[in-house]
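Each of the two blocks below gives one form of the same protein chain as structure tokens; they are labelled structure 1 and structure 2.
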Structure 1
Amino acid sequence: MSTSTDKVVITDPPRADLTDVDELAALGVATVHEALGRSCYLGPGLRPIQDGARIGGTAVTVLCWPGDNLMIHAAVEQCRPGDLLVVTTTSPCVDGLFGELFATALAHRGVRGLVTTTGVRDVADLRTMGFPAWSAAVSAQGSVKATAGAVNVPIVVGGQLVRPGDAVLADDDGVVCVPRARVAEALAAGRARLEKEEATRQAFRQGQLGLDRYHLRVTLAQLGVEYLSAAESGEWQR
């Protein structure tokens, strides 16, 4: 969904640094989301059409009218190597606004993938090509090219603002958008979190409990949680 329907194509938005984007992508969506204070996740509604892809790119944003992919054509021209196309519509639409021909054109320009609140089609071809996509649906439903929209304006996807040039990361857990201004913060916090997770992983492998590692026994007690044996808790056995 949109923050504006102004009819405009912004031609040269500044992008996040691709080296940074690649390092963020390697951290994974869940880790970066946590590193940003559990924010910037685009929600469980965007699902990958393939298994195992993990990518990052700089956002080229597209705002289309429902049932209409005219502005995706305009957006292709604005794409550079390292970009990732992020598409939404002015009102909800799961038609197949994007398919293999678009992917062919984008692959030629070095675009890394697609994130869309609409449907995609030709998914067998996209998987064969290795062009990764995250979408709200798979749909063969075709589009017209009749109504104006915008390219490279801020859009809203899954309740999060996506601005052109932001770092968009996607894997099997979904999609996260790191605002360009927060990339350095995300990298620092993400690296720290990765390290912490690895230490926890080792501890858990050796049998430590989260209750102890995170000092949660105190929390439980303060919240009034009681421990009862099954024998004591007659009622619960019914």
Structure 2
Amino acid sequence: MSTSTDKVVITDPPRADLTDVDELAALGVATVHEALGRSCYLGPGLRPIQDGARIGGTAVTVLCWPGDNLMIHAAVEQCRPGDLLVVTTTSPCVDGLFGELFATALAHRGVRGLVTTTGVRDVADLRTMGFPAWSAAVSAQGSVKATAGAVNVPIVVGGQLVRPGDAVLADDDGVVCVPRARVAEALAAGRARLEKEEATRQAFRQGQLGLDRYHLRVTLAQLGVEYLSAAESGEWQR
């Protein structure tokens, strides 16, 4: 769904800095999501059609009508290098609104990938050409080009607001959208979390338990968890 029902194409919205977006993408979706207080995640319904892709880009948002990809055609013209197309519909739709021909046109313009709440098709071709996509479905179902929607307006994906120019990050764990105004915050928090995770990784390699690293023995005690030997528990007599 969208926050706007206008039939409009917004041209050249401000975008997050690509250098910052690339660093966020390198941190990874899970790290950025956790670093921002477990926020900005677009939900488990968006799955990659390929394995191992890790990308970031600036959002070009598209609002289509179900079964209609007219506004994706309009959006291609608004894309520039470093962008990532984010598509949704006015009501649920998993038809194959996007395929190899769109990917060819977008790759020519330097677009890094696609995130869509709809379906995609030509997935073998997309994988071969190295155009990454995250979608709600894979579907051969065709579409029409008949109904006006909008390009570069705020849209809602997985309960999260996605604005044109926001930083969108996608990898095997899913997709997050970092608001343009929070990119600096996300970078600082993400770097700190990465350092913390590396320290924990080293501790685990040396044999430390998560129970001790995270002080979870106290939590278990507070929750009334008891440690009993097998003999004390009586399990061996059953």
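Please note that residue numbering is based on structure 1, beginning with 1 at the start of its sequence. For clarity, a rigid core is taken as the largest C-alpha set superposing within 1.5 Å between two forms. As the structure is a computational prediction, the values presented were derived from the model and not from experiment.
A.B. asks: Only one is the form predicted on its own; which?
C.D. replies: Comparing the pair, one sees that structure 2 is the form predicted on its own and the remaining one is not.
A.B. asks: C-alpha of residue 11: shift of 2 angstroms or more between structure 1 and structure 2, rigid core aligned?
C.D. replies: No.
A.B. asks: Determine, in Å, the CA shift of residue 227 between structure 1 and structure 2 after the rigid core is used for superposition.
C.D. replies: Its alpha carbon moves by 2.5 Å.
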